[in-house]
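What follows is a single chain, given as structure tokens, in the form predicted on its own.
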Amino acid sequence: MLRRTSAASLLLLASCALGRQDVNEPIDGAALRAFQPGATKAAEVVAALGAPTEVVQLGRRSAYRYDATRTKSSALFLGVINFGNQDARQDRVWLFFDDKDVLLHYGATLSTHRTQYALPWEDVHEPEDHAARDAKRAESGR
């Protein structure tokens, strides 16, 4: 009888939690693809992407950094045993301009769309999952 009561009370203590945190808007991939090195001006970049997170002076040249972070957290509470996981991914773009504010080149990593809710024993780096999420982001531009 005591075992059944203990097992039943343990089930009553079981719960789960999900959380999500976003810092900045995901970077618009379609806007990035429209930028043309040698032609796009810094003002056009700011009009398309908004204010940069950081501006770095490189002599008479400059570099703009844009970033966004998405974090998804999940937890399973089983009485005294708890399991949790957090998956954080980031979009980051560096754009380099000459002394006349013309785009020279840029580099980008776009992965905020790959964040997943998962528990510690799940793999959040499966190529099949990424392919589906990458295709969805390519359709939407974000």
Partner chain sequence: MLLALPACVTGSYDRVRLQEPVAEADLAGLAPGRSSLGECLQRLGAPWRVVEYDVDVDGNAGAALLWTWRDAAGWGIEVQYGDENLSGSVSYDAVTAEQPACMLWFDHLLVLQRWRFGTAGDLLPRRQRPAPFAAAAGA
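Positions refer to the first chain, counted from 1. Quick caveat, the model's predicted, so the values are computed rather than measured.
Unshown form predicted in complex with its partner chain; subsequent notes refer to it.
Of the listed positions (Val102, Ala108, Ala34, Val46), a single one reaches within 4.5 angstroms of its partner chain by any non-hydrogen atom in the predicted bound form, namely Ala108. Not displayed here, its partner chain is kept clear of Asp22 by more than 4.5 Å at the level of heavy atoms in the predicted bound form. Heavy atoms of Leu119 reach within 4.5 Å of its partner chain in the predicted bound form, making it an interface residue. In the predicted bound form, its partner chain stays beyond 4.5 Å of every heavy atom belonging to Gly50.
Although the partner is absent here, Ala39 sits far enough away that none of its heavy atoms falls within 4.5 Å of its partner chain in the predicted bound form. Contacts of stretch 64 to 94 with its partner chain in the predicted bound form, defined by any heavy atom lying within 4.5 Å, are made by Arg65, Gly79, Val80, Ile81, Asn82, Phe83, Gly84, Asn85, Gln86, Asp87, Ala88, Arg89, Gln90, Arg92, Val93, Trp94, listed in sequence order.
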